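A single chain, nothing else alongside it, follows as structure tokens in the form predicted alone.
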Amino acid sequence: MQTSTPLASNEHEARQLLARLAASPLPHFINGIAHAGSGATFTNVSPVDNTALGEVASGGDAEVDLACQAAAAAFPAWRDMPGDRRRALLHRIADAIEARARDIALVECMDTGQALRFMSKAALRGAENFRFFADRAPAARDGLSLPADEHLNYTLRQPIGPVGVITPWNTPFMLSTWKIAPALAAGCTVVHKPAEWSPLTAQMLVEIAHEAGLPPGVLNTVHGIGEQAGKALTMHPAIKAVAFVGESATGSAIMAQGAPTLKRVHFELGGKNPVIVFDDADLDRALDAVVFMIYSLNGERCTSSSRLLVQASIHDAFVARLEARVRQLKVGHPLDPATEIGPLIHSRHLAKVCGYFDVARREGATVAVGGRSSRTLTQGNYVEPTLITGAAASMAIAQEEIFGPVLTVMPFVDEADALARANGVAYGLAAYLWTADVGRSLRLARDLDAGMVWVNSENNRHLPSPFGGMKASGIGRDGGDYSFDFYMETKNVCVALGTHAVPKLGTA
């Protein structure tokens, strides 16, 4: 008797979930109910085999306006709800996310191509985001006492109003919660525009939230193409701020679109992040981190360390070990528990990533491993994990964000050379540093153009700490109280003690 494999079992379960989501065009969710919109749709395609997962309602000005009106109408009551009640409600949402964590993971694997070994934790991270910010809701409006000699100044914070949240297609569920949870905890209402390449778990999130008791209009989801629904959202006068995760060029367009209404913006944009390995580092741990931080999540992550800078004295030996590891990476179906790299999100993105292989060869670099789409997995958007050596800092492969499982290696001579190479790009999101020299680690952490620096570690997320980048990598910070700084206005109140002299004008 033939037994079902874990992949077959997982895929059967996922297909049942997907069938329910595709029973009719995936609707918008506005003011607490599913909304078909104008009837316009677009096709959602799975990166696993490029077959249709179903039709999705495609919103534009009318749907966005309806969602923004709903968010504006719901704002006063949500703003005035006591923080402890918001905390309880957000915890119920977290409970519901945890109860459906496996469903979310299976759907996200098929919708994005991300491997189950990572997506199985993404929903739980989403629940953790809701719990973290839920517990901060009661104190979100607290301020400071700033006494002066004859006046008492005190500050308080107030939610800014309805906000727009535009999220990307890589790990969409977790990143949606990362933006939406603090907005709700602060007392803002939300209009969410998820990426059109991965819309399914955004719909699951908004349905879960309302099943948990979220009032109508507090969280609204409008699906659609960025140039239509996204643009309408960033330009809508009811929206007071826009939080966006995505490409730097899109962030620039959003800033321009929001300028006439003076919208506050928070951008988490691209990265070309360096990992610097000195010859005194723990090379075994460094090698593990180097492989993990570029080849996990298909390399489709803003914090991936896509540039490896290795001290010249250990370059050849370290790269030889690295090549052996890259050749062993398992590319496969995202629902196979053994898979380490799944298909890229979309055929257009696959073409973009593969285009850089030709660029690398033309520029004179060596494609040491990979450098082509999969020869065996031809029905989906599979690419071989790629290692490029012999690169120069000026090459496009060392300057531009590829956003795939592609690592570019360059040697450096000393600390000054490493710093110059690391900082010599337009981006400044993250940097990773491996050394046993404490003084060197402190100097480089200070001097690197990066909003986040990890020393002797992979990307390890601590929710109270700030997350964000410099230069073309973004504006603002997420995490802990930093999120509330974006979603809330800080007000100062100055109260006189009645003892100071008030200036007089117009007296004889």
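The first residue of the sequence shown is number 1, and the count goes up from there. A quick note: this is a predicted structure, and the numbers were derived from the prediction, not measured.
The discussion below concerns the form predicted in complex with nicotinamide-adenine-dinucleotide (NAD), not included here.
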query: The single option of Leu309, Ala123, Leu175, Val163 touching nicotinamide-adenine-dinucleotide (NAD) in the predicted bound form, heavy atom within 4.5 Å; finding: Leu175
query: Proximity to nicotinamide-adenine-dinucleotide (NAD) in the predicted bound form, single hit among Trp169, Phe118, Tyr382, Phe75 (heavy atom within 4.5 Å); finding: Trp169
query: In the predicted bound form, segment of 127-135, 204-212, 105-113, 224-232 with a heavy atom within 4.5 Å of nicotinamide-adenine-dinucleotide (NAD); finding: 224-232
query: In the predicted bound form, Thr250 touching nicotinamide-adenine-dinucleotide (NAD) (heavy atom, 4.5 Å); finding: yes
query: Touches nicotinamide-adenine-dinucleotide (NAD) in the predicted bound form: Val218 (any heavy atom, 4.5 Å); finding: no
query: Any non-hydrogen atom of Asn423 within 4.5 angstroms of nicotinamide-adenine-dinucleotide (NAD) in the predicted bound form; finding: no
query: Contact flag, Phe244 vs nicotinamide-adenine-dinucleotide (NAD) in the predicted bound form, heavy atom cut 4.5 Å; finding: yes
query: Contacts with nicotinamide-adenine-dinucleotide (NAD) in the predicted bound form, stretch 252-268 (heavy atom within 4.5 Å); finding: Ala253, Ile254, Gln257, Glu268
